[in-house]
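Single chain ahead, by itself, as structure tokens, in the form predicted on its own.
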């Protein structure tokens, strides 16, 4: 028996669309045990259990495992798989990336770590469709990714310990496909340059531990203005978080969750964000987290 533990992730962080991502101390944990029979037993506990289809052939984690075994030319053994999940589905916190990352690494462990991390990342990104959640789920920390000639490249920064994370999770889902459906095919040069400047400034601010202007660096000019139509109270939540002392605030991935950074007064900020959602008819829950700097882990 062994276990795989993968962190949730928050992608984009404002201007870093399909580029930046941050691993969070909120986890998907999977226990696996080889069986003598060839079938797969799948058990699920935790958040959103009621919406999970426990048919192994339809499960994203099992599909990811199958992909790696197919690439190896070997047949997957019979398994008893128990999933303990704390990552909400459809909330912009990387639930699908966590399942895929867990699956490819579990399969590789069963194959006695036959494949490189680079190869596992490539297959995982192909399954997910974009790299910004997959990479921090695997590597941990704050990551920036680059796809070049079909390969996945990334750089990682350990996220500062002094920054705490506040996540406001509204009680509705926003499918990534819906959030992506309204994105433009062409973008005005002025807005593109603004986002590039802010993304670069954000990364340098984290590297230098200079957080004074992160609120401006996280002010996305392209994607959030389009996606906010799906999130009642979006502008008010950002405004109230900033007024309560947040260092910076942004949509978490495709949403609808909203992520804020702070060094102190996290409860004050969280309560302000929750009140702003409530004022717009939306119930929400607030969770307080730290960044995860280690990424996927395997325990034996």
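Numbering follows the first chain given and starts at 1. For clarity, every value in this text was computed on a predicted model and none was experimentally measured.
The discussion below concerns the form predicted in complex with a small molecule, not included here.
- The closest heavy atom approach of residue 18 to the small molecule in the predicted complex falls within 4.5 Å.
- Heavy atoms of residue 130 reach within 4.5 Å of the small molecule in the predicted complex, making it an interface residue.
- Residue 227 belongs to the set of residues with a heavy atom inside 4.5 Å of the small molecule in the predicted complex.
- Although the partner is absent here, residue 233 lies well away from the small molecule in the predicted complex, with no heavy atom inside 4.5 Å.
- Of the candidates 30, 246, 254, 65, 254 is the one whose heavy atoms come within 4.5 Å of the small molecule in the predicted complex; the others do not.
- When the small molecule is considered in the predicted complex, only one residue from 80, 114, 180, 117 comes within 4.5 Å through any heavy atom, namely 180.
- Contact annotation: the small molecule lies within 4.5 Å of heavy atoms from the stretch 6-14 in the predicted complex, the single such stretch among 6-14, 21-29, 288-296, 274-282.
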